[in-house]
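Take a look at this one chain, the form predicted on its own, written out in structure tokens.
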Amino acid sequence: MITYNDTDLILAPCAGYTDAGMRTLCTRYGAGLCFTEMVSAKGLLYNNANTEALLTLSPEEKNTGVQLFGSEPDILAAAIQDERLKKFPVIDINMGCPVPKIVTNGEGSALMKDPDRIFRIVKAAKEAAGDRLLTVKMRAGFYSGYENAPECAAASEEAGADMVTVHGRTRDMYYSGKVDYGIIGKVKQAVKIPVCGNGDVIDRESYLKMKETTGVDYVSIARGAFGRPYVFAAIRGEEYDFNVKQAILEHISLLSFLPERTVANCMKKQIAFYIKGRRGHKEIKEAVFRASDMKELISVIDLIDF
């Protein structure tokens, strides 16, 4: 069983967004499993200053996995054995990030060009994970027209992965175009381990389309949860209360372990999503991004009346 709370819904790892505040709010609204932002395996081993914050959990987080990125089996295995990762019941290997600085290092979605390397990475990672679950998140393929996710998923399964997540876009699509449900369905048919579908799930209708079209066991939500932690309750058909201002202030309080300046900078992009489409959101967004410190940011938030 991958998730908690008797649900098949997962908050996908999203760099710059799935911090402790977002994860906690999504958990409250019914996410069965949440993932940290992606963490560099090398950064972990070399004690990078930013890594510790990425690994910090709120007291409410009982169902959070950590996502690692890297391209060397021995480095990833060593990172997984780091004492700081023992608190995470699930380890996810990033094989889907399309960002150039990650790809040019042979990491993220670049790994999909070499299924043999995927096998070696997953095998080493699973051995290091021990009793913890080891999952892999990938894209449809690296190139449009060469969607080899089924092959990469099969290599992951053979090496010991407990689940694969497939974002139905190729690396060169980034986040544009339509999700390819067909390739996700082919991955489901290619392996016996659980498969999680990812991409363009924003409500119950799109969730059902993902499930019914592909046959996946789990569904992960990424951008559909930005500023909308309640999306999990909505998909589950549960009643919920949500106040934008209250959610923003709670999100801020959950990041209290960070320096105020860091929190202010992190929250600006989060707030942009919380207020998106609301009355006066353009003016509020402009004021938010002009704020130079937390005091100014809070003064803007106080003006929100929705």
Ligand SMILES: Cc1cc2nc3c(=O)[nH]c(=O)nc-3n(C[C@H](O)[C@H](O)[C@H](O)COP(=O)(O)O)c2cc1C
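In this text, residue numbers run from 1 along the sequence as written. All of these numbers come straight from a predicted model, not from anything done at the bench.
Here the subject shifts to the form predicted together with the named molecule, a form of this protein not shown in this document.
- Figure note: of the listed segments 216 to 224, 149 to 157, 124 to 132, 71 to 79, the one touching the named molecule in the model of the complex, with heavy atoms no more than 4.5 Å away, is 216 to 224.
- The named molecule is not shown here, but in the model of the complex it comes within 4.5 Å of a heavy atom of Q67.
- In the model of the complex, T170 stays away from the named molecule, with no heavy atom inside 4.5 Å.
- A residue is said to contact a partner when one of its heavy atoms sits within 4.5 Å of a partner heavy atom; E107 fails this definition for the named molecule in the model of the complex, lying far away.
- Within this chain, I271 is remote from the site of the named molecule in the model of the complex, having no heavy atom within 4.5 Å.
- The partner is not shown here, but in the model of the complex the stretch 73 to 108 reaches within 4.5 angstroms of the named molecule through a heavy atom at N94 alone.
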